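Below you'll find only one chain, the form predicted on its own, shown as structure tokens.
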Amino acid sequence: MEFWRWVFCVLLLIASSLRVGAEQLRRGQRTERISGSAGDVLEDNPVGRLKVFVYELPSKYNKKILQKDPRCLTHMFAAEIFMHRFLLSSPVRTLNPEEADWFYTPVYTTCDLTPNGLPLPFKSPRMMRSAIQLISSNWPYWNRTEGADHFFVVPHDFGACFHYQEEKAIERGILHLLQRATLVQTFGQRNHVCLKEGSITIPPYAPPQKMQSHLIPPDTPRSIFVYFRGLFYDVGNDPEGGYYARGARAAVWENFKDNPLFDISTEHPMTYYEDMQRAVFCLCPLGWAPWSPRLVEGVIFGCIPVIIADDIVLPFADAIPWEEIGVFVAEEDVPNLDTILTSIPPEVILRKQRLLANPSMKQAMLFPQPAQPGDAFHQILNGLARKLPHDRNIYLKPGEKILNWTAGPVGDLKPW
């Protein structure tokens, strides 16, 4: 009886706070601008601050791969495709490599999909090596710095480590030929071999038009306290359990499957996007990697992201105040998730919701077609612009070599 009284009180508190929030929204207090430098950074315009030269590679590295499997346009790793398309028509593009600040190599390393739509990264190292061999043979710019003024989009689970299982990704490490380049990647975790210093962490791709088509009226009550849809166990790849998501997802299920405050399931309903807009908190636990599209979906739909991934490095962290819009829960504290979330004061919840309602925040998480000011494309360019000017030390002396072209697993050295 005490438990149900506690549940009733919590729901009453939520309903009360959300009625207040809805009234504030109707009065025009819909959003709150991000304070301080973060807000300024989010609204930066990169045009005029950098020039990018796009290598023209044979279509086998990009367009032909996409023609073979158009599903690559909609999966969470599609940022590599849309970044290429964006740069081809961007005002920061230069056709004169001598005036370029950055060089971009368009290689679609995640567009090799299984029948279930999962990318197979096993050919990616050979493909990337082949592309680098091509640009280093046909242009002089790679050889001047061995890639230190080049950037690559590597949006797979563990970036340029090119494996979906963390243990094997760590064993592989970042492809040696990319050690000096700037990596633009979805993977971000502090003190991890697959995240090199200077990388730009980006959001995974989530289809903007699809999400737009599922928007519901903004004053719809948020009647769900905690929402999650996804795997709790990966029996196929982790039959003994405990390895997938480092056990965090399993802990969510075991502790809260019967808790009425938690709407959690493995089923993915047709109303998934609508349900997120009816929820106060959306769980964003790690899976095989610490990130997932739920981060993007939570921001777009105003559902406070509950981030369960120790040491995660979040997208555009210098521009998006994740500590202010989200809730961070340590993996070991998952059994206390109900207590943690019900202890957050209503005024704190309302402020997070106001920040999430900021259009600039939402725009920064998306790769729209066509591009829009302040979107993820522009945030990436902002990140590159802030690295300029390059240190003179990146330029090699005549005859100097730093990278070892024969380093890495033997299989990576085979022709692609």
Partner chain sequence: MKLSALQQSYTNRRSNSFRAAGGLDSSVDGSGKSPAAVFWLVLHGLCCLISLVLGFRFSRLVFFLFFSTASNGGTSGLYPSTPFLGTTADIAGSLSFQANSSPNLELPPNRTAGGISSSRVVVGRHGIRIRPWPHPNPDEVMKAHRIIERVQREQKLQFGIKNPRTVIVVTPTYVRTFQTLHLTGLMHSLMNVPYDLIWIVVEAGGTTNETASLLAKSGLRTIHIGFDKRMPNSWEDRHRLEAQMRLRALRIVREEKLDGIVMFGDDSNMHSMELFDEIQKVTWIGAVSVGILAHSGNTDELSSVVHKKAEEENLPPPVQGPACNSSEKLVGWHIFNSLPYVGNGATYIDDRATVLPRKLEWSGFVLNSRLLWKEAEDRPEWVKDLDKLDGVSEEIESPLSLLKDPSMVEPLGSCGRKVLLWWLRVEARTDSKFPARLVF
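These figures come from a predicted structure and were not determined experimentally. Positions refer to the first chain, counted from 1.
If you look for the form predicted in complex with its partner chain, you will not find it shown, but the lines that follow are about it.
Asker: Only one of Thr271, Gln212, Thr220, Ser90 gets a heavy atom within 4.5 Å of its partner chain in the predicted complex. Which one?
Answerer: Spelling it out, the residue with a heavy atom inside the cut-off is Thr220.
Asker: Could you spot which one of Leu120, Ile344, Leu231, Ala317 gets a heavy atom to within 4.5 Å of its partner chain in the predicted complex?
Answerer: Looking at the other structure, the residue within range turns out to be Ile344.
Asker: In the predicted complex, does each residue in the set Gly247, Glu331 and Val410 place a non-hydrogen atom within 4.5 angstroms of its partner chain?
Answerer: Every residue of the spot touches its partner chain in the predicted complex.
Asker: Can you check 101 to 109, 263 to 271, 72 to 80, 304 to 312 and let me know which stretch has heavy atoms within 4.5 Å of its partner chain in the predicted complex?
Answerer: Contact criterion met by 304 to 312 only.
Asker: Would you classify Gly242 as touching its partner chain in the predicted complex, given a 4.5 Å non-hydrogen atom cut-off?
Answerer: Output for Gly242 is yes: heavy atoms within 4.5 Å of its partner chain.
Asker: Indicate whether Ile170 is a 4.5 Å heavy atom neighbour of its partner chain in the predicted complex.
Answerer: Close contact exists here: in the predicted complex, Ile170 approaches its partner chain to within 4.5 Å, heavy atoms only.
Asker: Residue-level contact is defined here as any heavy atom of the residue lying within 4.5 Å of its partner chain in the predicted complex; does Glu324 satisfy this criterion?
Answerer: Close contact is absent here: in the predicted complex, Glu324 is far from its partner chain, nothing within 4.5 Å, heavy atoms only.
Asker: Is there a heavy atom of Leu113 lying 4.5 Å or less from a heavy atom of its partner chain in the predicted complex?
Answerer: Residue-level check for Leu113: no, no contact with its partner chain.
Asker: Could you pull out the residues of 345 to 366 that have any heavy atom within 4.5 Å of its partner chain in the predicted complex?
Answerer: Stretch hits, in order: Pro346, Ile349, Leu350, Gln353.
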